[in-house]
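Just the one chain here, the form predicted on its own, laid out as structure tokens.
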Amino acid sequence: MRTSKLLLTVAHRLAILAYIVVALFPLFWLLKVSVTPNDLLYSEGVRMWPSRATFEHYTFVIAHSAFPTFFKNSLIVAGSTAVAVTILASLAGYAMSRFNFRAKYWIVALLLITQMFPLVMLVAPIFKMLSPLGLTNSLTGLVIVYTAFNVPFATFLMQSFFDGIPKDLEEAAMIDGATQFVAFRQIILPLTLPGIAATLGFVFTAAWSELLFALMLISGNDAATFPVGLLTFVSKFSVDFGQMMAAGILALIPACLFFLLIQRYLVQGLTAGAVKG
């Protein structure tokens, strides 16, 4: 019995280790290529680490390319989208959780339907809608599109957290003289910080890495985000893998810092809505 339990434990640990290796190996290879000089990139073949490392790719990306502009644009778009979606989803999720009103289930069905359309099918209509308003080739247009597409899922995510909070807390606050909004802001909202962190993390990541709409709606480098900017390292006859991988590593930094800041609430947020009671 003990032998079987030991074997299961070892197998479980090995499976976790294998998963970690598979998950992190692409990031390691990204780092490896980013510090490999161009003259060694193909001449040394496949090896785990170059015989000579260099940071010239990072220097070029930071000082001699438009990547800082792409980086700044992505921060603006992803941050603005995450904040806007979280605010809207918190209010909508609270309404869905606490109030019964006419056409509520039709609204829920409509939100679900919006998630069923392939994004490629919507590019042309959205471009045609935004173009007369002057919102193409604009960060504002990207924020509007990203917000529209992320609000439905974020609303359902926030609703699940509000459903897990007893209504008695609000009722007790309102008995003491608080309005519905005051009870929501001072009692319910602080209890949903894990859910807010999970929503912020999901939306920030989605907006930070989105390529399709950024590629279709942005036509110049001044408003391009970093996923589009990575394509500038691809020329007609060659691909500068070193600079592209260096830009990729630099683009990971804000996302990692963001999740480091919210990780205190993130694990709670990803699991709190799964079990009630």
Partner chain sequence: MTIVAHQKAAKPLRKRIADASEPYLYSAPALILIVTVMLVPLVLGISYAFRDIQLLNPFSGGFIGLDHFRALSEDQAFFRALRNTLWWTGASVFLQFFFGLILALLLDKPFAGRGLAQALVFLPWAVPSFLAGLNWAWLFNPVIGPLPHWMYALGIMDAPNNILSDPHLAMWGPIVANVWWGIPFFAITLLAALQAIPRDLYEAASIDGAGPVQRFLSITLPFLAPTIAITILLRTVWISNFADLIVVMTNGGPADRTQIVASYIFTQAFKRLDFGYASAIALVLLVLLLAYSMLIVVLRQTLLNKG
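Please read these numbers as outputs of a predicted model, since none were measured by experiment. Residue numbers count along the first chain shown, from 1. Here the rigid core means the biggest group of C-alpha atoms that line up within 1.5 Å when the two forms are laid on top of each other.
Just so you know, the form predicted together with its partner chain exists too; it's not on screen, but the next bit is about it.
Of the residues 173, 76, 144, 191, just one reaches its partner chain in the model of the complex with a heavy atom at 4.5 Å or closer; this is 144. For its partner chain in the model of the complex, the listed stretch (111 to 119, 191 to 199, 132 to 140, 158 to 166) containing residues with heavy atoms inside 4.5 Å is 111 to 119. Its partner chain in the model of the complex comes within 4.5 Å of a heavy atom belonging to residue 245.
Although the partner is absent from this view, residue 126 contacts its partner chain in the model of the complex, with a non-hydrogen atom inside 4.5 angstroms. Not displayed here, its partner chain is kept clear of residue 71 by more than 4.5 Å at the level of heavy atoms in the model of the complex. By the criterion of a heavy atom within 4.5 Å, residue 58 is excluded from the residues contacting its partner chain in the model of the complex. Taking its partner chain as it sits in the model of the complex, the stretch 86 to 108 comes within 4.5 angstroms of it through a non-hydrogen atom at 88, 91, 92, 94, 95, 99, 101, 102, 103, 107. Positional change of residue 37 between this form and the one not shown reaches 2 Å or more at the C-alpha, relative to the superposed core. Core-superposed comparison between this form and the one not shown: the CA of residue 22 stays below a 2 Å shift.
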